[in-house]
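Here we start with a single chain on its own, the form predicted alone, put down as structure tokens.
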Amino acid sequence: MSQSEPERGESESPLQGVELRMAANPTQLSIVRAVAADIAMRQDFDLDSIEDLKLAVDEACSTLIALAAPDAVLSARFVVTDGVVQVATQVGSKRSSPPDRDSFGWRVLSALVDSVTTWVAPQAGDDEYVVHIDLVKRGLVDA
């Protein structure tokens, strides 16, 4: 076995954070908002920053749900590093274009977080794509 291959039982990268996978359905949004709020609270975010993260995650997931293929799975992965919450969301879609960055929803999303990026990647097999929206939210730094 070469040195670059993981040994049996080892994963290539350790699992970090929390990942949710659910039906791409608006009824599931309350779960994602609750997880976002809990993670932000555990990082001692102030109340405004907690609410901003909840709203941003809601907007990102709502945007992806609108682009989702029938029976698609919405994924949201939360990783915390040094008080910074990174949220990576994605969904399978029939569309090859990213969300409209000139929309009102995108402007709101951009105002709520420190950074937001989106891209589309082809999915192996069918004419399907994976649409991604990634967010970064920092807590307030003590002065």
Partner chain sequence: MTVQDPNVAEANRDEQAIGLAVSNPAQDVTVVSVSGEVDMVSAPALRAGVTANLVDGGKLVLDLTGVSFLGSAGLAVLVEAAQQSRSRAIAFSVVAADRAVTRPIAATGLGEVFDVHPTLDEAIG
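What you are looking at is a predicted structure, and each value in this text was computed from that prediction instead of being measured. Positions refer to the first chain, counted from 1.
The form predicted together with the partner chain exists for this protein as well; it is not shown, and the discussion that follows is about that form.
- Checked against the partner chain in the model of the complex, the residues S97, T117, T27, T81 give one hit for a heavy atom within 4.5 Å, which is T27.
- This chain is displayed alone, yet in the model of the complex one of A69, L74, A88, V32 has a heavy atom within 4.5 Å of the partner chain; that residue is A69.
- Although the partner is absent here, I65 sits close enough that one of its heavy atoms falls within 4.5 Å of the partner chain in the model of the complex.
- Contact annotation: E51 falls within 4.5 Å of the partner chain in the model of the complex, judged by heavy atom distances.
- Interface membership of L112, defined by any non-hydrogen atom within 4.5 Å of the partner chain in the model of the complex, is confirmed.
- Contact check for V108: a non-hydrogen atom falls within 4.5 Å of the partner chain in the model of the complex.
- For the three residues E19, I39 and M41, a heavy atom within 4.5 Å of the partner chain turns up in the model of the complex in no case.
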